[in-house]
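Quick heads-up: it's one chain on its own, the form predicted alone, in structure tokens.
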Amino acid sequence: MNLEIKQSILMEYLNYVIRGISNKNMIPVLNCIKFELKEEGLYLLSTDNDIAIKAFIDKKEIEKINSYGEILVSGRYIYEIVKKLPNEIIKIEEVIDNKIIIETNKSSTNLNCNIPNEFPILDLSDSKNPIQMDKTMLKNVIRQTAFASSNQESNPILTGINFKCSGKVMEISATDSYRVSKKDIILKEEVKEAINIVIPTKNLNELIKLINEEEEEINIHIFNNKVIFKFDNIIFMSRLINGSFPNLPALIPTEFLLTIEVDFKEFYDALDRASLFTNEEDKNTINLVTKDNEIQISSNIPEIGNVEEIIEAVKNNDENIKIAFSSKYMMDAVKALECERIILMFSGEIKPIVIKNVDDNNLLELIVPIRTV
């Protein structure tokens, strides 16, 4: 393999595939990036057996191809070498004894390689009926739900985001059993077969780092044990989590004692200030009390001090409520709504609180209150 390519172009695509490498992996080839130089261009591949990333650089973006071939190099070293080179033409040449030379006008680096055949065989082929979705929509919905998933590996199914689809409606949700974040989106075309999969949240968080803000389509290919996302010149594969995701509709109240509408910024800022007088030992507890058309938000740490915030609210009836919840969970939920006004829906002092965007009924946040007695 022998080619010449501009540093900025190679670096752009190395930034993609480097995310498929884990520093914790003890298997040498899984810390490598595979270069496959073919007639149509250069393919870069990486995998840690949990995710896989494949990027393609078209031959039109390569300055010169002298010979085809494939190499397997340490991902971290090739990444750092190219990153530190000036933005000029780089020559990468494979030489004998499993080595490559990386050259510019004033720099030359020798790098040992692994045997390409040792790299895992990745099946990144298409499914029969891929789902098409707007890239920005997918990126936003992952951001709006990912925070509610669990990071406790003792219950793996809760460490992922559930994608459930029938017809043209896709329900995307996450829960750690103390909170829920759920968003319904409408697809452009009906899904021929019902879908119910769970994708690891950490993998989806890596995926959205690769997605730019351009309004283009992303194709989602779903299989029994994996899901593949294809967009631009990138292919991203993730394993799926086996198991049954919780039946969230059964957890979400449908009848409410009291509904309150508040200003997003005013409510969030009050929570933020009150959170200063909370701690993890007490589950970051904040108290909320309603009276007339006001909400009182308070918290205290006996040995330090306390805070009380009053904000205006619009109630749907004359009922009042006194309830406690985690400041962190409520702030995460409110922040995900991204709106000017929000609705807080209460079914009782020990029943889940539902939080919604006034203008978007398709996004729902839920948190479980904290018993203070």
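Just count from 1 along the sequence shown to find any residue number. Here the structure is a predicted model, which means the values were calculated and not measured.
Not on display, but discussed next: the form predicted in complex with another copy of the chain.
Trainee: So another copy of the chain isn't shown here. In the predicted complex, which residue out of Leu111, Val289, Ile195, Ile208 has a non-hydrogen atom within 4.5 Å of it?
Mentor: That would be Leu111.
Trainee: Name the single residue among Val191, Met137, Ile81, Leu124 that comes within 4.5 Å of another copy of the chain in the predicted complex, judging by heavy atoms.
Mentor: The residue in contact is Ile81.
Trainee: Does another copy of the chain come within 4.5 Å of any heavy atom of Pro130 in the predicted complex?
Mentor: It does not: once another copy of the chain is placed as it appears in the predicted complex, Pro130 has no heavy atom within 4.5 Å of it.
Trainee: Are any of the heavy atoms in Leu85 no more than 4.5 Å from a heavy atom of another copy of the chain in the predicted complex?
Mentor: Contact check for Leu85: yes, within 4.5 Å of another copy of the chain in the predicted complex.
Trainee: Does the 4.5 Å heavy atom contact test between Ile304 and another copy of the chain in the predicted complex come out positive?
Mentor: The answer is yes: Ile304 has a heavy atom within 4.5 Å of another copy of the chain.
Trainee: Check whether Glu36 has any heavy atom within 4.5 Å of a heavy atom of another copy of the chain in the predicted complex, and answer yes or no.
Mentor: It does not: once another copy of the chain is placed as it appears in the predicted complex, Glu36 has no heavy atom within 4.5 Å of it.
Trainee: The chain here is shown without another copy of the chain. Which stretch in 252-260, 197-205, 271-279, 153-161 comes within 4.5 angstroms of it in the predicted complex, by heavy atom distance?
Mentor: Every other range fails; the passing one is 271-279.
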